[in-house]
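Presented as structure tokens, the chain that follows is alone, the form predicted alone.
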Amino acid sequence: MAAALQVLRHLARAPLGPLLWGGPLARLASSMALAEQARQLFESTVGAVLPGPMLQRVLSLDPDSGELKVRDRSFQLRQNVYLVGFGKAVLGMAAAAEELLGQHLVQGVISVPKGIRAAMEHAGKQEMLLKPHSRIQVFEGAEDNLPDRDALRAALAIRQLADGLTADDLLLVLISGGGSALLPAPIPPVTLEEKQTLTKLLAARGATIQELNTIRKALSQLKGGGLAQAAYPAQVVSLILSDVVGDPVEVIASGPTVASIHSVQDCLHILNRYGLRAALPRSVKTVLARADSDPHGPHTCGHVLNVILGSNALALAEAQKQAEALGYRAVVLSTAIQGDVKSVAQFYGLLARVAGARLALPGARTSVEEDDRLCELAADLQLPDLQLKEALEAVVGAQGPVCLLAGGEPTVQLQGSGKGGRNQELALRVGAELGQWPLGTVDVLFLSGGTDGQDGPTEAAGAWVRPELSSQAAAEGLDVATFLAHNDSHPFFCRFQGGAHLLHTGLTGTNVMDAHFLFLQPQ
């Protein structure tokens, strides 16, 4: 892309350049430049939450005294540290932790996504890899972020390590997004297959991550505080890279080091909401009934220190800083984008229309109906930290291009059997929305990407779109509505303009949900 931009700029400086620059070539060059900036901004967003630097900001070890400081807490190390971890960012976290702990680390077990070591090695990310003679055993599993037999073996090895600890030991637990799928240990007689089936049914019906994790915890040996309970009486320090809106430690990876606050009744309400209670396997009913009558009551986790290492808010703060360095007026809209991608796409589409009108003609406004509709869409999404008024005021006061940033984790209600992920589907829906509004003299680009580098069961992190998407796709014989009806966003973007709109980063080694960028640039 950089080479293509160089050619276009050379043409613009040629004798015919001014003529070309005012027409289609100018718009092509502008589009490519904007797309390249969007990609660079996404990469800097991910770079802000890489596991090694995050961990080093929180942990420090005095080599003389052997005192480990975790923010404002201190622990005395005497070659008594054990380590477990699970999640998409845990390989890099473990490498950084082992480097820091040195001889104090006795043993470790981590569960990471299938293929991540090879991917990190291929990408030259040596800082994400363990040393050849590491004391940490690595299990790879949960292909396509689904629990499997390999992840189950890892979970049982983690359980075995935790069970063997004493009051003299310290257990360092590394947790990141994807941890739930990498730590499956169903309570017998529930089988892994039965738990998988139930989770898939809930996800397909639009259950939130909070609802999914509530069910997972109730059926798990290690989630909902189970790992902390297994490690007792050892001290436990849990370092968490958040991939959940609001950073609730009891929800991230289903809270293995946080006592569950949910009851069996909460689980039954969720199952009723999605019409699944009547179809539960006998084994699930048995476990829920057993938990309801547990005479010991809920477990406590007073021996645990839970620390948030990084989050979507931290990543977007870096994106805002980088966007400002590129000359944009940048505003973070929200770090809590949730809800169905259809509603989120409608919000972004109308936001581009309303903000674009203000940017094109300072003092101008869209219709009262459009302004009211935008507020209604925002209210329906129920975003606790939405800065919509501030964003629109910033657009009015901007003297140049604007970048509106947001993050979170929308959900997709499956209607078809296509292939895609929430970021590609959101981008495709936003592209369709943008094509419905006259955007005047403002260039618009929207990008949505997963910070882990993998959007659903695909090799793309996400995609970027412009208002011309639907018309350009139609010229190639591609009907956007048909692809959306089948949740087939990935094949669409693979075919559309030869895949040029896909965002490819490879596995990043981190995970703090998704990043959404809306660029508005006066022509």
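Owing to the predicted nature of the structure, the values given are computational and were not obtained by experimental measurement. A residue's number is simply how far along the shown sequence it sits, counting from 1.
This next part talks about the form predicted in complex with a small molecule, which is not shown.
Contact with the small molecule, judged by heavy atoms within 4.5 Å in the predicted complex, is confined among 268-276, 377-385, 172-180, 346-354 to 172-180. Put simply, of P113, G224, G92, G420 only one has a heavy atom within 4.5 Å of the small molecule in the predicted complex, and it is G420. With the partner omitted here, the residue from I187, L414, L77, V264 that has a non-hydrogen atom within 4.5 angstroms of the small molecule in the predicted complex is L414. Shown alone here, T508 lies farther than 4.5 Å from the small molecule in the predicted complex, counting heavy atoms only. With a 4.5 Å cutoff on heavy atoms, N145 counts as touching the small molecule in the predicted complex. Although the partner is absent from this view, E409 contacts the small molecule in the predicted complex, with a non-hydrogen atom inside 4.5 angstroms.
Using a 4.5 angstroms limit between non-hydrogen atoms, G498 is distant from the small molecule in the predicted complex.
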